[in-house]
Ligand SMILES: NC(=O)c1ccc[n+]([C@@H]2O[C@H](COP(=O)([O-])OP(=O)(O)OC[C@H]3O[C@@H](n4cnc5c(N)ncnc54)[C@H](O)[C@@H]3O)[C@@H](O)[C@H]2O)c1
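The chain below stands alone, shown as structure tokens; this is the form predicted alone.
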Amino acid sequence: MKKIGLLGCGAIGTQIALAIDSGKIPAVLTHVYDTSKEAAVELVSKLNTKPEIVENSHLLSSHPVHIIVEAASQDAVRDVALSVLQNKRDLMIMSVGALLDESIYEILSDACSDFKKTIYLPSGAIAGLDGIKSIKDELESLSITTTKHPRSLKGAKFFETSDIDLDSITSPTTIFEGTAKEAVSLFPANINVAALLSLSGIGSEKTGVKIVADPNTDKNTHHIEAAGKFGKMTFTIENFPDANNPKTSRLAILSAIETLRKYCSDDIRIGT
């Protein structure tokens, strides 16, 4: 049975831990860490099988685990990912936006090769990545329009220099248009889907992103368009926000759980 270490004990980390504890993921959660010791203690209190709380993030991969699951932040990826691979553990990353920093991507890609380990990126809150990956060499344009309730966007770095007042928005309003690289930098907790899409396709500087704030919606909606020599693809995904964290779609959590389940299982694999 696979042993898992968890980095991040917030909404996503908690749901992953509960899925392991319930047997939905055939593995055992052996170690956890969060910058908030209280969050880690609260998570462990909810579990029947109690993992050990380690004192710092780098200690997670020093234990005999098979994979570390990052459910914390882009900063956590920058700080910990390389040491996880150097310790010869696999890694699953939820904060995919960190990989749009080309230097980080190259370092981690080289480390995967050097240490014969794998980084897993769940498809998160969108669908269609199998198709995008299959036709990436023939892609000519790729874009995503994300629509969320204003409360799901609050606290983003973008608003530190923007005059937009989310509380004053009364109808669907485009608050950002740019590249995936720009979007992930300005909305690090909101738009990891753009990072995943760009990594699957034509890169972060060629993938277009539009973010719409809509006070009348109760969903996180992602509309993807891809065109090229292969033809054209369009996907629209309407997700309900997670009850415990409106910045995260429920589908993102379910995707993470399924990715881990496949990692820990010997069964038929569906999809590219």
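In case it trips you up, residue 1 is the first one in the sequence shown, and so on. Just so you know, these numbers come straight off a predicted model, no measurement behind them.
What comes next is about the form predicted in complex with the named molecule, which is not displayed.
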Next on the checklist: Is Ala11 part of the interface with the named molecule in the model of the complex - any heavy atom within 4.5 Å?
Outcome noted: yes
Checklist entry - Would Gly124 count as a contact of the named molecule in the model of the complex, using a 4.5 angstroms cut-off between non-hydrogen atoms? => result yes
Item to check | Pro188: touches the named molecule in the model of the complex, heavy atom cutoff 4.5 angstroms | outcome: yes
Checklist entry - Might Ser36 be said to contact the named molecule in the model of the complex, defining contact as any heavy atom within 4.5 Å? => result yes
Checklist entry - Using a 4.5 Å heavy atom cut-off, which stretch among 44-52, 28-36, 227-235, 203-211 contacts the named molecule in the model of the complex? => result 28-36
Checklist entry - Do all of Ser95, Asn245 and Ala252 end up near the named molecule in the model of the complex, with near meaning a heavy atom within 4.5 Å? => result yes
Checklist entry - Which listed residue (Ala156, Ile132, Ala76, Ile169) meets the criterion of a heavy atom within 4.5 Å of the named molecule in the model of the complex? => result Ala76
Checklist entry - Which one of Leu85, Ala71, Ile144, Leu100 is close to the named molecule in the model of the complex, taking close to mean a heavy atom within 4.5 Å? => result Ala71
